[in-house]
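Single chain ahead, written as structure tokens, the form predicted alone.
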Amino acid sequence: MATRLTRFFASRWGIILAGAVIGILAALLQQAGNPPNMGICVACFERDIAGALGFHRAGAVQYLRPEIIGFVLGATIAALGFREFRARAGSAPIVRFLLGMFAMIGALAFLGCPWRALLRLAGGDLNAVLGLAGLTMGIAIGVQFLKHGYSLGRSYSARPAVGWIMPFTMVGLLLLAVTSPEFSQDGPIFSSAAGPGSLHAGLLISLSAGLLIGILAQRTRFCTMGAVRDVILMGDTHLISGGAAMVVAALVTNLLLGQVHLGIRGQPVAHSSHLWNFSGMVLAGLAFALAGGCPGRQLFLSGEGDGDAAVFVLGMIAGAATAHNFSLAAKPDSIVEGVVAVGGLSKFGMGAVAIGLAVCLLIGFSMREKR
């Protein structure tokens, strides 16, 4: 039975099933209370967790998102069930942490990760087209480095404790989400009273969706960055068929639920500053390519014992805190007296994207192995 399941999940139909389930659940989570066009966003949800823990004080984006917890623990359950849980680490951790930070800064310049870019498109937000174009360009640049010997080195088997740190961390966050302790007056755990952080489905619904996605994604190796990379590098369309299924399933579900609103300006939790939608995702795509996986894939890897992926996840959380503490994250479009005011990046955010691109390019050039 286990062998048959493994073969199915490794097949094209397996990855299509995973993508379709993610798309449907994302639309249903939006209907259940998650922010519009943000049924699932790994970057945004990690940012909300950073805020809930007090790492930043942007009051509109603070909430312990159970979906992220479910992603990691679902991957752990699947890895244990199929005997794939293996503690390993040691592959340029400080570089991975830095890549995680800049990946988050790029994603928050666009206001979404690759998953949300696809889901925004399925909800009618045409700004996602530029975001996806930027993501593709960033990954394409990363592929060129891969072709010329770029490598972060190999990871090594580690003691079991290394692999269990991230799953146990998520168990700890789940306990905090359930109990909501008050550690001090006006202190964490924070939870938004307004804004995107205040919009969320029920805890059990969100956690259950996250667990299911974590299990399916671990078994199928679902990865949006890997999908684009494989097409560019090898012409392989296996992974990208899962991404396509995700968009189609989310679009159909959104149409049935009346959640499609076609347009560019005034889209929910999005901005129409085209240059920075594109440039932010160039940075994010390049960082994902250099790190070896999209933010979702990094969570799933951390759930199956990969300490290097866990370092990247922590880097993204630190990047979220940095982005909001230093006004680097983009502002969404706003509507003032019926007129749409275009959002976008501050001068500090623009500078951070430029610095991030320079640092990622430097990493790409300097981490090439001699042949």
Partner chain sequence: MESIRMDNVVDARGLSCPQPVILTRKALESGELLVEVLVDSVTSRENVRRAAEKLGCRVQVAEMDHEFKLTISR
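Residue numbers count along the first chain shown, from 1. In this text the structure is predicted, and so the values were computed from the model without any measurement.
Another form, the form predicted in complex with the partner chain, is not on view; read the next lines as being about it.
- Here the chain stands by itself, but in the predicted complex one stretch of 186-194, 141-149, 259-267, 242-250, 141-149, has heavy atoms within 4.5 Å of the partner chain.
- Remark: H274 does not count among the residues lining the partner chain in the predicted complex, judged by a heavy atom distance of 4.5 Å or less.
- Although the partner is absent here, G235 lies within 4.5 Å of the partner chain in the predicted complex, judged by heavy atoms.
- At the 4.5 Å threshold, heavy atoms of G81 stay clear of the partner chain in the predicted complex, well away from it.
- Interface residue remark: R221 is counted as part of the site for the partner chain in the predicted complex, having a heavy atom within 4.5 Å.
- By the 4.5 Å heavy atom rule, the three marked residues R7, A10 and S155 all count as contacting the partner chain in the predicted complex.
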